[in-house]
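In structure tokens, one chain follows: the form predicted on its own.
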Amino acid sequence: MSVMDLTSMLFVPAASAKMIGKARSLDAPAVILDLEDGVGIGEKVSAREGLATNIGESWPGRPLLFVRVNSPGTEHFEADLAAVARLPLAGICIPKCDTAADVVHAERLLLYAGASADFHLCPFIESARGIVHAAAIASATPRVVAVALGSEDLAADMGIRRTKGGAELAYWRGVVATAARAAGAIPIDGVFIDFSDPEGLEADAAVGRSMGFGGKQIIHPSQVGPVARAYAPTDDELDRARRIVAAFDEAEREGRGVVVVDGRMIDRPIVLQARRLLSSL
């Protein structure tokens, strides 16, 4: 299970040296320098060629640095991977993954290009075909540290009419979250495109958290705070977790098999959840 903090992953256009410079000091767990949707067709080559210079030889420990290359099958895919293989990255994001073969192919190209032995991958599931193969994509290689839902591309592929509340994505969110967790990876929820609505974002992120996601893609620095609040445990949750762990530990010491907290029976899965919550602090 990954211990990376990917609570929010902020997209930054890879063509903008100024924005990359600002990204170094952003108060975000992770940033994704985007060579795909964030870069126009005419800027693809220059963005790729300038990336090493704009990043430099080192990067701060926070935010974690990812690069999203162009998708498998495009003319830029292999060149992008070759260009980013030796950069000081926390991981490489592979968009529009339809099968596990897309992930394995990217892994092989990165190794061939001289990537370090411990690089990580974050495939994006953005199509009906990707949903069908979600479990295989998530477990394609141990290098998969996270799996992201490309909600807007998926909606387009499925012909889904999007709403601000996002209830229409419940099934697909569940598929991606389950596939990632089963593979020991962090599931990353899709974007909330209205960055002028922090309350709506926080509510949407809270839904994602309740479905098992470990983080969310964001498109503006102002979205870091609302997502952090949605994913942070509340005081009540922490208090209950501490009482559950204390009661269970006492019961074990006394040889008792029954634990009751707040009038409810507590068994090992609930204790495990409480311990995980406390260990995340």
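Computed from a predicted model, the values in this text were never measured in an experiment. Don't overthink the numbering: it's just position in the shown sequence, from 1.
Although it is not shown, the form predicted in complex with a small molecule is what the next lines describe.
Asker: Quick one: of Pro221, Gly50, Pro233, Gly212, which gets a non-hydrogen atom within 4.5 angstroms of the small molecule in the predicted complex?
Answerer: Among Pro221, Gly50, Pro233, Gly212, a heavy atom within 4.5 Å of the small molecule in the predicted complex occurs only for Pro221.
Asker: Out of Leu169, Leu154, Leu110, Val191, which one falls within 4.5 Å of the small molecule in the predicted complex, going by heavy atoms?
Answerer: That would be Val191.
Asker: Please identify, from 246-254, 212-220, 40-48, 59-67, the stretch that has a heavy atom within 4.5 Å of the small molecule in the predicted complex.
Answerer: The contacting stretch here is 212-220.
Asker: Though only this chain appears here, would Phe195 touch the small molecule in the predicted complex if you measure heavy atom gaps against 4.5 Å?
Answerer: Looking in the predicted complex, residue contacts with the small molecule include Phe195, since a heavy atom lies within 4.5 Å.
Asker: Looking in the predicted complex, any heavy atom of Met19 within 4.5 Å of the small molecule?
Answerer: It does: once the small molecule is placed as it appears in the predicted complex, Met19 has a heavy atom within 4.5 Å of it.
Asker: Spell out, yes or no, whether the shortest heavy atom distance between Leu10 and the small molecule in the predicted complex is within 4.5 Å.
Answerer: Yes.
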